[in-house]
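So this first bit is one chain, no partners, the form predicted alone, shown in structure tokens.
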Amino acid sequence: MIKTGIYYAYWVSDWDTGFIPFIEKAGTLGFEVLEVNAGTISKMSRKERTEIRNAAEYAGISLSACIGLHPSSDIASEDISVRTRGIQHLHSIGDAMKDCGIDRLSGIIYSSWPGKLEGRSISKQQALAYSIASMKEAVKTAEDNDLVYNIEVVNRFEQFLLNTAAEAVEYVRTVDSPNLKILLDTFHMNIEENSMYDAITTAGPHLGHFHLGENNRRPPGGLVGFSWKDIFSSLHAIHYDGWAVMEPFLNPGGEVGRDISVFREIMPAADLDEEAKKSCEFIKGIIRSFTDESAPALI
């Protein structure tokens, strides 16, 4: 059955923070997964990573990691030294994940975030070729350590390289590693895809991770927003049994508000814990509605 999760940055203003309090909070609110910042764990000591692993095991919480690579580590860069640095960074993240007991990494790990084509001296196709060649090297850490790397498909305003599920499928097929899959996100699909159903079924067996958020990045399940039952029927159609992690961003301020472009309170005066708990219960209810094994798949 699909596990439900939430991204730690829902509660914080700055990316680097201690994760243990949020591991405990996620469990208390009903989640099964907490997603953390891969860049932060890569800078931690082995002792700190072990403490995170132990806290998650004690709380019965699974951990996933997510990152958007900094331009200085862009594996699609025209500068070979930048690409090399990015590959090494992904290797170090993979090692850190192993220490933390994390088996999956997702995000813009194929270029930089945010990333524009303007200002580069190469075409999109050349950047894509550099990215694929770099990923073939970077994913070796995942292969050696039984990890899964998921490339995130995002909207054109945040990255230029992979904006649709079809582009991502071509990318992973070209890299040709069983340890490289795709992350789709409802917020980004709403901007770029003609149909979320078609995007999800296009990704099919290549879908390794899934992000949830309403059209304005509220937690799922408000009075207005996406048809979540339709979205999960699409996941059911491809027999998806991975993790579905909420990635809501509600408050301006700090590094998170700046980088996500949140310039107003999305849900003024909201009790963040209560909203997360309600959303968790909402999504779990939908997931349970698709657990009847007698129900036929939609494709």
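Each residue number is its position in the shown sequence, starting from 1. Keep in mind that what you see is a predicted model, and the values were worked out from it rather than measured.
The protein also exists as the form predicted in complex with a further copy of the same chain; that form is not presented, and the subsequent description refers to it.
For the candidate set K136, K116, K229, R173, a heavy atom within 4.5 Å of a further copy of the same chain in the model of the complex is found for exactly one residue, namely K116. Checked against a further copy of the same chain in the model of the complex, the residues S73, Q159, S106, S131 give one hit for a heavy atom within 4.5 Å, which is Q159. In the model of the complex, at least one heavy atom of S261 sits within 4.5 Å of a heavy atom of a further copy of the same chain. Among heavy atoms of D95, none comes within 4.5 Å of a further copy of the same chain in the model of the complex. By the criterion of a heavy atom within 4.5 Å, E192 is counted among the residues contacting a further copy of the same chain in the model of the complex. a further copy of the same chain is not drawn, but in the model of the complex it has no heavy atom within 4.5 Å of D99. You can rule out all but one of 55 to 63, 230 to 238, 253 to 261, 29 to 37: in the model of the complex, only 253 to 261 has residues with a heavy atom within 4.5 Å of a further copy of the same chain. Relative to a further copy of the same chain in the model of the complex, residues D14, T17 and T50 are all farther than 4.5 Å at every heavy atom. Residues N215, N216, R217, R218 are the ones in 202 to 218 with at least one heavy atom within 4.5 Å of a further copy of the same chain in the model of the complex, listed in sequence order.
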